[in-house]
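The chain below stands alone and is given as structure tokens, in the form predicted on its own.
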Amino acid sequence: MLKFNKIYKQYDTPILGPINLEIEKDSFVSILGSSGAGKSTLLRLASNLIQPTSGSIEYLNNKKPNIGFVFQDPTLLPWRSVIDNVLLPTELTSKNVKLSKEKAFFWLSKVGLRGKENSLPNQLSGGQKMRVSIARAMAQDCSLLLMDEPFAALDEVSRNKLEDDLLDIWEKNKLTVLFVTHSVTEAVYLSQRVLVMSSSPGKILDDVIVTEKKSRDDSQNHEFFLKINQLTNILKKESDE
């Protein structure tokens, strides 16, 4: 789906690179690392929002996929209803509004917001706002979903529910997901693969495959929690150096 070839990014100082990385189609990949490791920069490069200082990014069949981007802040316009927030990208790209509205209603229903279509953002909880953001991305028929710490500000119950909903969406819709998080547990729970980034400048420090059954039940998933410990130790060693 996505290939980074000797990617390097610099502003006043080096931020990222060199990065050589392949993201397989339909995979779920999480990115861990300390603040300043370049995780968000990597997503913005993947989405073509910014350009690398050097290197290149290749997409499957040399064709840029439909990309959905979900930020840590839901970025909803407060004066627009839920449905109108989901439709905003359609308006900006002049797509078929009738078909897009059908997709918007469909995805709002899929993320559990049936009946909230005409609500304003200030009438929603934090978790509901994030669901709107996910529905907005999915309504654009995205095949590559980029998520930048989307659940960081949520309470544990809301976060766990959205993680499960996200996995369900990923499994049923053949998406490629690139997911930035500071939570090791979240990364292991969601992902098939976890990239650990070093900082100054950001590089891929480790690439860990996760094959354990997804469950939060400690008593039944010894291997799952061993993987959490492995990644925690990698991050700790990086921070100590």
Ligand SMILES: Nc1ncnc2c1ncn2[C@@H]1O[C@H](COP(=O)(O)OP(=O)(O)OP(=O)(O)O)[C@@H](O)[C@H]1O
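A residue's number is simply how far along the shown sequence it sits, counting from 1. This is a predicted model, so every value here is computed, not measured.
The following text describes the form predicted in complex with this ligand, which does not appear among the structures shown.
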The stretch from 39-47, 203-211, 169-177, 63-71 that lies within 4.5 Å of this ligand in the predicted bound form, judged by heavy atoms, is 39-47
4.5 angstroms heavy atom contact with this ligand in the predicted bound form for Ile15: yes
With the cut-off set at 4.5 Å between non-hydrogen atoms, does Asp84 touch this ligand in the predicted bound form? no
Residue-level contact is defined here as any heavy atom of the residue lying within 4.5 Å of this ligand in the predicted bound form; does Glu149 satisfy this criterion? yes
I'd like to know whether Ser35 contacts this ligand in the predicted bound form, with contact meaning heavy atoms within 4.5 angstroms. yes
So which bits of 165-187 sit within 4.5 Å of this ligand in the predicted bound form, heavy atoms only? His182
